[in-house]
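Let's start with one chain on its own, the form predicted on its own, as structure tokens.
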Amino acid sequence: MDETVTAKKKWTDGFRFWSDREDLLGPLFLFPAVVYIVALVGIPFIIAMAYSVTDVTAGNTSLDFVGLQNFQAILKTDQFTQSLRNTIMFTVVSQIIILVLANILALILSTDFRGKWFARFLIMLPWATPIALGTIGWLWLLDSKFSPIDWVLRYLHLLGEPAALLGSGKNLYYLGRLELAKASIIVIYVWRMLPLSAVILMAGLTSIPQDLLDQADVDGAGFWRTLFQIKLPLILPIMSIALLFSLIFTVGDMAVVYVLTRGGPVYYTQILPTWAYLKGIESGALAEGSATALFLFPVLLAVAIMVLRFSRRTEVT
């Protein structure tokens, strides 16, 4: 009996000793995340870099070094330049709209009202929904013949009549007309990323000390003065992080354009991720596809560093 108690005590003491070793537990718990990142991000990234400076194709897997020829070749194509312009335009416009709407939503959701939990649940649904499934839903909403949006517009006499504001046609053909197709893509990007940014900003607003807000109220500061002189400056670092997350997710997303327009009409709504996929996977030009996919990496890295430095400088302690 004494030996059993002694063995149990030794095991307990040993477990406590090892469980208190922060220098051991830290790397141990980080190890699965490191393996995940290296396996799913690091290795494909290294392979893409190797492919981008070779002449590898789906039919010829020999890795013959060609330097920067692939980058020079893609820069001469109209499809690449159009994809680059669209990527920048879609990202910049959607991020501006997201920042404005996310601040409004965060302000609303940080106040107390009945049914706030249900409102938060509804707002988070676009982020929780798989992006491909959500885009398919939008594909039906923007259908050329059976769009419910067009039906509502016709019911309101804004479409389908000779003197209608949006024209006499029965449908707007959202995905068949260039400007409407681009606007549709931006709307879906905003719909997709708005919940995440709003929740991040809401967390920042709720972390503002109530004493500061009470003091501003006592001093006679109104809503707009409190917003622009207290709330927004205090959550500026958090806002920059929300912008960084949204920016990276938007630039790297290919599901919206691929499911919605597949780059059409022609190739005028193509973006870099979809063009890299079509060029590298479907066409078999692995080298040029890798070069296309890597083109924005230095820009995104520089933007990430700038945003993080800006966040650190504007942080209020």
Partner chain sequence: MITKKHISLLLSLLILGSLILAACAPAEQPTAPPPEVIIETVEVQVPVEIEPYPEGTELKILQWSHFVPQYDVWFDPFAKNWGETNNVAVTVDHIALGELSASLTAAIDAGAGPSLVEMVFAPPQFIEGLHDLTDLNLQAQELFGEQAETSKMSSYLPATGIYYGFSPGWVPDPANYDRAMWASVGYPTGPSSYADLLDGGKKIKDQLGIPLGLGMSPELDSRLAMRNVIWSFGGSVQDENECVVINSPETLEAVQYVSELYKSAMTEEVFAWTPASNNQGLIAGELSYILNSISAYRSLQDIDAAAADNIGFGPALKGPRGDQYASAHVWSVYVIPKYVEGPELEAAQAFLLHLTANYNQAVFNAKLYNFPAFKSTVPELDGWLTQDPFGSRPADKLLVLNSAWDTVTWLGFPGPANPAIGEVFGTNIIVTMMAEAAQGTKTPEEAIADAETQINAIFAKWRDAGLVGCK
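Note that the structure is predicted; figures quoted are calculated from it, not measured. Positions refer to the first chain, counted from 1.
Quick note: we don't show the form predicted together with its partner chain, though the next part is all about it.
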query: Stretch in contact, per heavy atom within 4.5 angstroms of its partner chain in the predicted complex, of 23-31, 273-281, 244-252, 36-44; finding: 273-281
query: Candidate spot 131, 189 and 313, all three touching its partner chain in the predicted complex (heavy atom, 4.5 Å); finding: no
query: Contact of residue 240 with its partner chain in the predicted complex (heavy atom, 4.5 Å); finding: no
query: Partner contact for residue 115 in the predicted complex: its partner chain, 4.5 angstroms, heavy atom; finding: yes
query: Partner proximity in the predicted complex: residue 91 to its partner chain, non-hydrogen atom cutoff 4.5 Å; finding: no
query: Residue 49: touches its partner chain in the predicted complex, heavy atom cutoff 4.5 angstroms; finding: no
query: Answer option from 203, 101, 136, 108, heavy atom within 4.5 Å of its partner chain in the predicted complex; finding: 108
query: Selected contact from 215, 168, 144, 81, since only one has a non-hydrogen atom within 4.5 angstroms of its partner chain in the predicted complex; finding: 144
query: Residues of stretch 150-175 in contact with its partner chain in the predicted complex (4.5 Å, non-hydrogen atom); finding: 151, 152, 170, 173, 175
